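Shown next as structure tokens: one chain only, the form predicted alone.
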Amino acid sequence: MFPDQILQFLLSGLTIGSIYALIALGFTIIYNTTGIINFAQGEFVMLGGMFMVGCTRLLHLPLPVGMLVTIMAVMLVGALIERLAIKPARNKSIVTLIIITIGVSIALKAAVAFFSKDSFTYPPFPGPEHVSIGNASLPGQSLWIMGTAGCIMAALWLFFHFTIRGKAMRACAINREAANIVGIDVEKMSLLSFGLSALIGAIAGIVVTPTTQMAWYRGTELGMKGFCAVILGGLGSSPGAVIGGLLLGLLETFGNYLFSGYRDAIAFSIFLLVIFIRPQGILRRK
């Protein structure tokens, strides 16, 4: 493998890893606040892409307006899931709640597939078609993906460290019962976590769809990759989610070069190795 190839694979892996990192952050936010692993997280990404397709191709809305409408719509879906599916079963076991999220995932896929089983995309965002970095070439849309991911990660860090609601959500992550005792409305924090997770998923779907076609089944694939990134980085760790996502993207890209056609197998093989060798992930204590 030549240095130019290594640089090209690095750039491609970081682009893919940025998407995985965003999805992993969505998993982490809900898990830290509620203790639930939300297996409908990938469907937020799928809905973000599909709603954006509707806004741009059917309603012919300007790009910024379409993005705003899409984000609000997916956040509404996230809030409805929490209020209608999660809150009524709040006192049930964690396993029951996780199964509910799987059912929600199936229902969302079925709802979208009912209207169309086709794959869709829309015109790329403004910018250069390709950017040269050394002897490697990076698609202009990859800059949008990595830039958006970086901005969201920075905004989340500021939110959790410098806002009252962000600190309240961190308190729920540390100890829900203690947070409730000191007056934090844990139910509102649960609703906020689903809304925030849906927002992140919607943005991920918006930026990834111009580079690849979005369809009703893509959410499951992306969601499982995000979950692998969460386990790799350490369940419950936000920095771990980011590192796990980027690392998974790099491992997939280089592994696909060495073992062509086994991209998905590489991701899930890494998942199994982490479960057996270091189940707490990279950044979590044993």
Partner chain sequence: MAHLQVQGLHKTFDGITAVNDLYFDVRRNEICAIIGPNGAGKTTTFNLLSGVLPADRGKIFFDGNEILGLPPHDIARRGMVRTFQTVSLFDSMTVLDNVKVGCHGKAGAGLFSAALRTPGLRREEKEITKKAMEALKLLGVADRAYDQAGSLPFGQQRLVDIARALASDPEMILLDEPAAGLNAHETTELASLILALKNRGLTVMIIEHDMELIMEIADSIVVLDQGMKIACGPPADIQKDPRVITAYLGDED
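None of the values given here were measured: they were computed from a predicted structure. Residue numbers count along the first chain shown, from 1.
Although it is not shown, the form predicted together with its partner chain is what the next lines describe.
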Only one of 124-132, 85-93, 205-213, 168-176 sits within 4.5 Å of its partner chain in the predicted complex by heavy atom distance, namely 168-176
Checklist entry - With the partner left out of view, is D118 within 4.5 angstroms of its partner chain in the predicted complex by any non-hydrogen atom? => result no
Next on the checklist: Does any part of F162 reach within 4.5 Å of its partner chain in the predicted complex? Heavy atoms only, please.
Outcome noted: yes
inquiry  = Please determine whether L192 contacts its partner chain in the predicted complex, using a 4.5 Å cut-off between heavy atoms.
reply    = yes
Please check if L108 has a heavy atom lying within 4.5 Å of any heavy atom of its partner chain in the predicted complex.
-> no
In the predicted complex, the residue from I184, L97, M146, M153 with a non-hydrogen atom within 4.5 Å of its partner chain is I184
Near its partner chain in the predicted complex, with a heavy atom at 4.5 Å or closer, the residues from 211-243 are none
